[in-house]
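Listed next as structure tokens is one chain, alone, in the form predicted on its own.
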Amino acid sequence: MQWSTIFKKELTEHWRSFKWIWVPIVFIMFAIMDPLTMYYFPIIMDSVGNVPEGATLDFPTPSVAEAMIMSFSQLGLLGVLIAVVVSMGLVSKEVKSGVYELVLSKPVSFTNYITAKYVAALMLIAFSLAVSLLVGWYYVNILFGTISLVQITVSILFFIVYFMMILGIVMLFNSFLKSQGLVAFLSIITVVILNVISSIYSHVITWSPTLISDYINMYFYSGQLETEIWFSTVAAVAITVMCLVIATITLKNRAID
């Protein structure tokens, strides 16, 4: 009962702040931007002109896999920033305003408080990712070639797991910081550091959650899932759970203090 009440409250707040509208729209723009640009770029250049007489412009057309990867890459970069911005005030905002103390003055479990807010944010981001990537898949199928619905669905599910970890990290910083800006900054820095470490030592830490995007790219090229993507998924879930547990303990300690 407690959990569902907080969960519904979060979903309602997301709706009142129009996040259920603008977040999917922004994600869709990111997903279709590069494929559409690459497809229509030669046409744009021809219409603009300014090409020396007799000169020809030859722009290689991306393969269907490359076009789909563009959508995932944009969301893996800009989409992460939006996800962090959307979730940076989940707890820190309420702690700073005093709403947090008011809520927890009632018999509300710290675990319910953290997990309900987290799941509501995850639903928003997962919905936005799914819609945007399906729209991107639709345009890629029309303009570049065919990717099966099964392949895009599987890829989206793994991508959501990656964002699940991102939200877990944001929730962790939410639990002990009052500044939303600082929460966002440290979350982004943490994700960047994890990506850099994984890129440098990718041959060693093949289970790193930040390599999920790379394994998705390989899946589009080969049509076969790499075994390592399952280990990366388990690692992402483990890190998420760890972040939520630490966030809950942190809030409990703050309440005692």
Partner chain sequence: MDATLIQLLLPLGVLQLILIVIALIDLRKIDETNGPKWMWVLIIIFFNFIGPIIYFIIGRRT
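Residue numbers count along the first chain shown, from 1. Predicted model only: the values in this text are computed from it and were never measured.
Separately, the form predicted in complex with its partner chain exists; it is not shown, and the next lines address it.
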Among 134, 77, 142, 123, which has at least one heavy atom within 4.5 Å of its partner chain in the model of the complex?
142
If you check 229, 191, 205, 36 against its partner chain in the model of the complex, which one has a heavy atom within 4.5 Å?
36
What I'd like checked is whether 22, 26 and 30 together line its partner chain in the model of the complex, meaning each has a non-hydrogen atom within 4.5 Å of it.
yes
114-122, 67-75, 151-159, 134-142: which one contacts its partner chain in the model of the complex at 4.5 Å, heavy atom to heavy atom?
134-142
Residue 17 versus its partner chain, in the model of the complex: is there a non-hydrogen atom within 4.5 Å?
yes
Report whether the minimum heavy atom distance between residue 201 and its partner chain in the model of the complex is within 4.5 Å.
no
So in the model of the complex, does residue 164 come within 4.5 Å of its partner chain, heavy atom to heavy atom?
no
With a cut-off of 4.5 Å between heavy atoms, is residue 182 one of the residues that contacts its partner chain in the model of the complex?
no
Across 230-254, which residues bring a heavy atom to within 4.5 Å of its partner chain in the model of the complex?
none
